[in-house]
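Below you will find one chain, with nothing else, as structure tokens; this is the form predicted on its own, and questions on how it binds or moves follow later.
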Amino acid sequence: MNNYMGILSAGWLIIGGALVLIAGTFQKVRRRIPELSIAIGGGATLLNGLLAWFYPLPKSGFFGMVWGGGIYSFLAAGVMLAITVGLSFLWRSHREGGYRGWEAFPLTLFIGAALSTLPASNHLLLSVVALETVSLGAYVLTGLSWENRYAPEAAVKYFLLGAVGFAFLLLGISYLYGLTGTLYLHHLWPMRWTAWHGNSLFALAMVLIAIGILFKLSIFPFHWWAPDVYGGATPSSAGLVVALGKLNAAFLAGVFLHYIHIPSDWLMGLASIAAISSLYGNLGALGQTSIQRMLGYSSIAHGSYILLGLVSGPEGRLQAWGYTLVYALTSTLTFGLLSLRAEPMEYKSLRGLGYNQPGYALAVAICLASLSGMPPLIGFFAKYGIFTAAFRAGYWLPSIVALIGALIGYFYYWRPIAWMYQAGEEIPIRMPALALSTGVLVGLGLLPMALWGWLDYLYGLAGLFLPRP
């Protein structure tokens, strides 16, 4: 069992995705693809949750290439929860679009298999394959639409600029392999990295890897693709695309920062970049009239909070991973609930929603409030953990600047809520079950210690709090 624990979830999703792909070739079965995909995604969430509960101490398998149980299954459960919610919104789009684009469902399951494996990977080659599998799937999800004329352009931009970022990352990893002579991550832990800190090849490798990760996180000044891509993607899948990108980068960056000893002045430089990016993303979102472009600019700010946590030591990486899971779920819900049309909407399109569909409007308001960091929702506690870890790590000035950016975010997140409660035309809504799913955010916000306590316990059992040798 221990040898196969790390690939149980991935195996379940790959087999399930293959079955869905085969079923889609039959016209009569195609209508049932969404329900089958959601059941497979929900099963993967439950499976990972049970593995994290019954096997809190991680076990390595497959020649030490992948970990299973503990923190790694917990992270996979969070990933699959967000993906299952994203599949629910794709279901609505699939039904209203005449059951076209069914390929998105097996593709999303394959993405889930790769993304669940990424944080559990103990091998650089496996990490790279998982990372780019997620990215390639996200490119397709961005442009897979027959009604949105902006989606193909967004997908092409995402693919071209994503390939550039991946090229930097892959080149940096190849230099790292040349320096260390190993692809196993646990071999990097006991190395005396201080002996390499003055080496130009080590510096080049770290710079290239950092550029690739900053691209994936959409951090200033490597952010320029995010507003166009997230703002032009199909609304029902845009939240899933945002979640996949952030999870992808945060998991890989957290693993690298754990195993490789980075000089403290470099970490301060990254913290400063995160602070600048927070201001840029929040200020850029202020002037947007399109809801999706506003959320696209805000994703730059959220990426900066994740980066600030990642560079803040072991506690910060824990908080960054927790924040990324919360942001993935919340952004998927927000984009999906606001996918009222096939193309991105303006603020004014929300007029009257608060009066004509009060329950649905409340769900949208809860999601936006959680993204802004309003207590007592889970988004507040996630931000609190990030900034607390950054202050404890000594990044006072970057943390204050990023906190100012976060306060600016309250204005543009609450502006759509104000538009919903202005007089306007009635908007037909047929997503009551999905609107109720925002109760997850409220529940997690009211019981944050249950989530963070479990995450902290599993993180410690995995040895991720241990000081460097």
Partner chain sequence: MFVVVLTIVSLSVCGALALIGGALAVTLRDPIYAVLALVKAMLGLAGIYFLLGAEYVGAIQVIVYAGAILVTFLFVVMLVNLSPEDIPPFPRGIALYGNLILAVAWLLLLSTALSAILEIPAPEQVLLHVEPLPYLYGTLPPLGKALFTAYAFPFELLSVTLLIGIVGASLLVQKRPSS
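Numbering follows the first chain given and starts at 1. Keep in mind the model is a prediction, meaning the values are calculated, not measured.
Quick note: we don't show the form predicted together with the partner chain, though the next part is all about it.
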query	finding
Segment that reaches the partner chain in the predicted bound form - one of 119-127, 247-255, 271-279, 289-297, heavy atoms within 4.5 Å	119-127
Close approach of Pro376 to the partner chain in the predicted bound form, 4.5 Å, heavy atom	no
In the predicted bound form, Ile173 touching the partner chain (heavy atom, 4.5 Å)	no
Any non-hydrogen atom of Trp53 within 4.5 angstroms of the partner chain in the predicted bound form	no
Exercise: Glu315 in contact with the partner chain in the predicted bound form, heavy atom 4.5 Å	no
Full three-residue contact with the partner chain in the predicted bound form, heavy atom 4.5 Å, for Pro263, Arg351 and Ser372	no
Of Ala389, Leu338, Leu144, Ala210, the one that lies within 4.5 Å of the partner chain in the predicted bound form (heavy atoms)	Leu144
Answer option from Gly162, Gly284, Pro235, Gly137, heavy atom within 4.5 Å of the partner chain in the predicted bound form	Gly137
Sequence-ordered list of residues in 55-81 near the partner chain in the predicted bound form, where near means a heavy atom within 4.5 Å	Phe62, Phe63, Met65, Val66
